[in-house]
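The chain below stands alone and is given as structure tokens, in the form predicted on its own.
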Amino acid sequence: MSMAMSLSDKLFILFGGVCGLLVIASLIGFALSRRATSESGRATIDNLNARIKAWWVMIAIFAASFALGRGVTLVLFALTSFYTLREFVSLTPTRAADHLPLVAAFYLLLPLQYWLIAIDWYALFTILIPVYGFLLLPSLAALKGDAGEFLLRVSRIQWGLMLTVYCISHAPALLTLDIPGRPREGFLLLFFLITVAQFSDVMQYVFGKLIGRTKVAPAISPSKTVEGLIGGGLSAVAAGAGLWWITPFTPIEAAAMALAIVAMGFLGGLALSAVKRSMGVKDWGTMISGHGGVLDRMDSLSFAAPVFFHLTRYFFT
């Protein structure tokens, strides 16, 4: 691809190509749904079709975000953080003494984190929650005078805030990166991150159902297999290498960055599955049909986004 290609040309090719692939996937999914006869087969195809529908929604949101600008993208991710934090908190036990730190998490630290991204205050954006937030939340909880399970209660809120706000906010923070010779192309980096992360999830599921035999951690996530991880991971790395032309990376660098996204996404999904199992639930919520809650779709991205952001910032800006 020519490096002189304009941003609008790249986006036209991207959206056109993805929409074409989704049309083919939708037709295949429809055909498979008509042929499935067993209950397990229908469940598998229904899950696959739900993932394809989620991709359609994702592409529509991407198109709207780019058309309406960076501000709208930040608002959409801020809302995503809000809903995922709400899902996390709703499944973790809290007490009356936790209300004040929860208010601070939702209505002070969350909007402040995204405001710092909006004004491109990198130095404070990277330490607001892991430093000041981590000191503020236990202080507010202690003021209420309830020492019962204090460490567990505060740790849940702190980790939920890190996972759903701090980590996820690194995805739209890609829009702030100043890459030499590539003005306004942070949106393409965001496209690269989400496409590789979600494609890896889908292909791991597909390969796991087709050839999966060896469980990675059966007590935590019975559906994750070594074969699914390898097949889906390699597919996502190949897809990332094929998207090198929308990034500042060479094909080999794009493959390496995609590998980092795949690895962190897998670990994120596994870690969040462990949290769910410890609480005895299957999904974080029911907001997304066929997928559980918003956090069920964002678990891999929450681990991959900060790693991808800092690797890109360190090596390419």
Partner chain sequence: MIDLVLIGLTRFLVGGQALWIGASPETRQRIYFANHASHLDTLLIWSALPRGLRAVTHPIAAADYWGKGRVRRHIALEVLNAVLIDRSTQGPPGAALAPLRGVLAEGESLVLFPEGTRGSERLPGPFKSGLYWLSQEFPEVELIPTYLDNPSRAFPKGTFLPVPISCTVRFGPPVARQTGEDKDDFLERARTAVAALASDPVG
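Worth saying up front: this structure is predicted, and the values here are computed from it rather than measured. Numbering follows the first chain given and starts at 1.
Same protein, other form: the form predicted together with the partner chain, not shown, and the subject of what follows.
Here the chain stands by itself, but in the model of the complex one stretch of 132-140, 162-170, 231-239, 86-94, 86-94, has heavy atoms within 4.5 Å of the partner chain. Listed residues 119, 217, 103, 210 were compared with the partner chain in the model of the complex; 103 is the one with a heavy atom within 4.5 Å. Though the partner chain is absent from this view, in the model of the complex it lies within 4.5 Å of a heavy atom of just one residue from 150, 82, 245, 205, which is 82.
Within this chain, residue 184 is remote from the site of the partner chain in the model of the complex, having no heavy atom within 4.5 Å. The shortest heavy atom separation between residue 107 and the partner chain in the model of the complex is within 4.5 Å. Within 4.5 angstroms of the partner chain in the model of the complex, the stretch 152-183 places no non-hydrogen atom at all.
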